[in-house]
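Take a look at the structure tokens below, where one protein chain is shown in two forms, each on its own, as structure 1 and structure 2.
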Structure 1
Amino acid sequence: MKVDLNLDQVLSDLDAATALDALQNIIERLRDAFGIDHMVYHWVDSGGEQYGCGTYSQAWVQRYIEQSYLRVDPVITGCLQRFHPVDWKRLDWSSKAARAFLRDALEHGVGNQGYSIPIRGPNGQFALFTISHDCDDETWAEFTCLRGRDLILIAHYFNRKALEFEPARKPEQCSALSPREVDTMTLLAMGYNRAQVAETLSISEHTLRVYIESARYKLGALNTTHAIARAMSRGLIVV
């Protein structure tokens, strides 16, 4: 599971996507960038509308629908009405139906490890962003520990983009940077280090980290460098 340096590029392409069709290509590239077997995105809104894309085989997707696995899949029941990331090992696979489902999933190449991120969107929209892989427990624990936060952010960026294509969508309320966030990103872009930025803005480095975290999310970036580049290309900061 190597780390691809082009992750920022894929996220920029996600940001620039103008049609729902583009998401399939992006999720395949994201999966490759993380070096894992599968990555899947699935949304359901309060009206029952569904959309999904991902890298599972067509045979497994078909099988899942035919068998109505939605009803027995512990990942679904374990993530509904939740907002914490769920390692599949934490779920209850003890029922006969769940174990049969698991065997079938393994036979279809889903992998023995999984990590699902529930996402709560506006107006009852709900989405799941899932990665799965075939490896031992230790390798998986190391991977999710190392990349979990990136995946949580990407899951939300993906959902945000998917929501843009919903016809009745309400405008995003929190995409603008606050004056403090603009100041922070501008000073960082000018080459100040964090201590200097904090000092200049008369805030602690602790508080600064929250401004950066929040700005990074609004900009759809995984790291500060990427966030600065994004802010500059969008004309949000001028250096």
Structure 2
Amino acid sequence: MKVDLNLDQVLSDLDAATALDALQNIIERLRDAFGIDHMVYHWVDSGGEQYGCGTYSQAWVQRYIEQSYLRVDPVITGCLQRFHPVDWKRLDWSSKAARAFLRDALEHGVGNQGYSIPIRGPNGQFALFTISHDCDDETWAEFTCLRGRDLILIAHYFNRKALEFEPARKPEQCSALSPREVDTMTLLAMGYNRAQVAETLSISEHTLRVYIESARYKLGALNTTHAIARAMSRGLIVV
């Protein structure tokens, strides 16, 4: 899969979007730029309203709704329990209902490979950013390893933009991060490992751990990845 992507331009276009409809155009461009079959963003706001944009066929979207697949889809149930991006092959497809769902999805062109990024925003908002494709395991593993950081960044930019359009959105109260905590979370979000972050900030790894744990506590996060996601979704860091 050849990637033809100007990430800065995509993020600028997302920032400039003024309506939800603009996200559909951007996600189609991204799908083509990444050279994959499908890309989907789906969110549930604090009032339970749902919105989605993506490249699945209308036939599959309608089929999914008619069959109430939301109740048995391992991607949904699995990502509700996770904060890290997840390859679909790591999910539980063992039940009869899940296997039937998978067969139906394949027949509708969803693809035999998938990768989903769960996102949790303010006031109980939950979203998924998903890509899928039809290829062998080795090709898919190489692609997600190479492009995972870009996909996480794009997912959170999509969510941040979508939240701007949520009716009557109320700001979520949280403790402000210190400048050093912002620097730490930003570099981690960019994909730096802890040693690289410590070196960049000219601090010890012990001091870095203090900053990370302090930021995690302020954000009410379960782990570092969750803290980064919350900081991004609340606009406390921008990558």
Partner chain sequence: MLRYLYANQLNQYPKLASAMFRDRADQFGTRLGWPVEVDHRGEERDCYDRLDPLYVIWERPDGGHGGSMRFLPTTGPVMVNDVFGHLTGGAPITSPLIWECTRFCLARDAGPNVAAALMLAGGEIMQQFGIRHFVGVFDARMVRIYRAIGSSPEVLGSQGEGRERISVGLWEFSREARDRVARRAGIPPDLSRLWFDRAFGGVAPGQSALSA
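Residue indices: 1-based, along structure 1. C-alpha atoms forming the largest set that superposes within 1.5 Å between two forms make up the rigid core. Computed from a prediction, not measured in an experiment: that's the story for all the values here.
*Asks:* Could you point me to the form predicted together with the partner chain, 1 or 2?
*Replies:* Answer 1, the form predicted together with the partner chain.
*Asks:* For A229, is the CA shift between structures 1 and 2 at least 2 Å following rigid-core superposition?
*Replies:* Yes, its C-alpha moves 2 Å or more.
*Asks:* Core-aligned, is the CA shift for S202 between structures 1 and 2 2 angstroms or more?
*Replies:* Yes, its C-alpha moves 2 Å or more.
*Asks:* With a threshold of 2 Å on the C-alpha, tell me if D32 counts as moved between structures 1 and 2 once the core is superposed.
*Replies:* The answer is no; the displacement is under 2 Å.
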